[in-house]
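Given as structure tokens, the chain that follows is alone and in the form predicted on its own.
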Amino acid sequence: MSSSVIGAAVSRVDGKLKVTGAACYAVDHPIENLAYGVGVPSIIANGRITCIDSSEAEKMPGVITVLHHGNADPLFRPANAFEQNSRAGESRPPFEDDTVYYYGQFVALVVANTFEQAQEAAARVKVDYAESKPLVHVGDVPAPTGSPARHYMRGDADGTFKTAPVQVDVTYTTPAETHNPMEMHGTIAVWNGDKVTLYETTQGVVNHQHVMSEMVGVPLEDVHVISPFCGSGFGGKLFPWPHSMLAAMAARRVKRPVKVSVPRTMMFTTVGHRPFTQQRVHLGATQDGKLISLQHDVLTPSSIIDDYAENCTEPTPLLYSCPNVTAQQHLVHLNIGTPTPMRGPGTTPGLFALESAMDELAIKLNLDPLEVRIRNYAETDESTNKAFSSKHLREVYQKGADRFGWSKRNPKIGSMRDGNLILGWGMASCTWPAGRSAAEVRVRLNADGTARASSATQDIGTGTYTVFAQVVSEKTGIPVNKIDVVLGDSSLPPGPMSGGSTGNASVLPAIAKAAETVVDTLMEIAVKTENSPFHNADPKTLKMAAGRIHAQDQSPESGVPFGDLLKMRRLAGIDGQAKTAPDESSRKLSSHTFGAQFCEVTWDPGIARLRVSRWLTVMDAGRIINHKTARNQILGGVVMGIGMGLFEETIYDSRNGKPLNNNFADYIVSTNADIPELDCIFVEYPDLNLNEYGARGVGEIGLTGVASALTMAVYHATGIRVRNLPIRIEQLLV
């Protein structure tokens, strides 16, 4: 069979389940005798609980119990510093003590027979606090003076900057952003003796199993995590959050299954966010636009209880060629919930600052922004002195410029028009690390002519189910619609997290090897089964294609369906299992995905209306396994990036740390009305350093570079340089 299924635009194999409502998400599972837990959130950000009075709530109809730090069973901390697959969203378990660290922290949990009863009773729990003034914003604490959380240096960036002929010294900020997937966080916990089953919405079933084992205090084999579908996560569901432990704690206490769902308001407090960033960029260059100095200093907040560093400086040392680079990042600890990765963590806000500064340099030099990037093209990864495993960014620039019509750009501010509208054009580079981790997959061939592929990874809406089916189909010739893919269950062979754009690159080798293993077994059956037409043949002369075993020099139609061979041997099915991991040779090269964003905005000064009118993304992402789902991921990233540039900001009340816009009415995200028709093209060069398919991840890179291209286009149209996101109309009315 041809391998055309790889690279084709294959529709999602799980699509029908989703559009018909048959897909079962975490809190959809029909569990008998289910009780409901509703959390009581703290209304202060810093202080101590002096009294919890739950007496009124406990008397209300249907209430089973009220749990809090005074009566809850002890939970434990994850062994994150000592073990793999052991990272929680918060290292501190809920109800550990009477200390309050942030607004919205769980201080009690009401468990009742119905959700409505639990919700009503939760409102009657009275909590008294000894409150202290909270630290809510970066300006509330002195500038950090200790060692940076992250630091990189080569050459003498500071000294070279001071003597550079052309200098740019600018500061940019990005606000806190909240993930807000449509499916909110939720857990159903079911105990059977000493064993617990957790129906979860998670981006990492294996990590979730390990963390819950450690924090709840039961052996790993006694924790079963099930997550067949995840209604997206954007990074917020990578690690377990307090509600999951509370569901397990409550279910063990009341000896009934318990469901705990996080309401939309608490999605802004207790399940992570992208933190605020303050970034100062110094660029020193020659008169012809060559960088000689680059300094990137970043300040980001974390919570009081955890050190989370939004790695904004990751792309700084490698995206452009420069002999003198310093990149460092400092943390300040505030009374906010612990931040967590959000789609394109670190690199997304980091590139907003770096790419905006590159645009300001281009303007200062009176050079085309694209030309400045080409003049500073990095042929190798200068941060590690390694060659790139695959990099075709020059071709990306060229294809993007040609398709967008960049040569027609008039650099003069406000000079390009469409009737009464002023046009602005902007562009930016984007990048994301390309990596893979260990993965284990089992592939089964059944006597009825179907196949099954399984792994304890998960599909978070990105098309992982479909990729599994595609690879098995490519290796066996079995049609995609006859391949059952089973994911999202910790009892399956261990799989990777769905994060860091490493999922596909990690599972592809394991799927392929498991499929090859089971095909090898099938060949052995074919030559060792007496009534087989291939009895005593040399297995090397046989081939499997179109779901049939046949001689290599003949067509698949001449062969025997694999199911018939299994029936001849009286076998119900055969399995092949494989575990793969990156080898040492892959570390000799630097693997990254690259791309470019091209943006057009329209500005109507008469009514102060700004709109994104045209967008093009060009990506150098290795070989594309599924053009339909890959394109979907890139365009989804662009939509989020437009939201980052124009709308999104979580606003905290300085008095108590409350997110003031903790709902979809006031926290603005992109909608269809804000998005033009988006264009996306891929420059395909397989990156065989990562896997045999040469595929890299595309889940996050689509978001990177978007905000900087957008602000560049706004400057081109209006002459206003926006350095503090999101762009507000008020900033343009000067």
Partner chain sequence: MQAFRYSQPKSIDNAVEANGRQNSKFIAGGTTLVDLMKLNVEKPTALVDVNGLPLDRIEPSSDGGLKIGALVRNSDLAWNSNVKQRYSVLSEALLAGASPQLRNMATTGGNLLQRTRCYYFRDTNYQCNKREPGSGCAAIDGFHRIHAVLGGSEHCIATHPSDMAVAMMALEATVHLRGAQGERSVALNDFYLVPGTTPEKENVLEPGELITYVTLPPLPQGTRSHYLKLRDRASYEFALASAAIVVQVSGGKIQHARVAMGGVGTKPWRSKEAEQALQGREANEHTFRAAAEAALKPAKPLRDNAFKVELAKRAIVRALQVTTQTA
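Numbering follows the first chain given and starts at 1. Computed from a predicted model, the values in this text were never measured in an experiment.
Just so it is clear, the following notes concern the form predicted together with the partner chain, a form of the same protein that is not shown.
- The closest heavy atom approach of residue 605 to the partner chain in the model of the complex falls within 4.5 Å.
- Proximity of residue 656 to the partner chain in the model of the complex falls within the 4.5 Å heavy atom cutoff.
- Contact check for residue 666: a non-hydrogen atom falls within 4.5 Å of the partner chain in the model of the complex.
- Contact check for residue 229: no non-hydrogen atom falls within 4.5 Å of the partner chain in the model of the complex.
- Residue heavy atoms within 4.5 Å of the partner chain in the model of the complex occur in exactly one stretch of 444-452, 530-538, 545-553, 605-613, and that stretch is 605-613.
- Checked against the partner chain in the model of the complex, the candidates 688, 681, 51, 43 yield a single residue with a heavy atom inside 4.5 Å, and that residue is 43.
- Listed residues 651, 378, 438, 413 were compared with the partner chain in the model of the complex; 651 is the one with a heavy atom within 4.5 Å.
- Contact residues in stretch 668-699 (any heavy atom within 4.5 Å of the partner chain, taken in the model of the complex) are 668, 669, 671, 673, 674.
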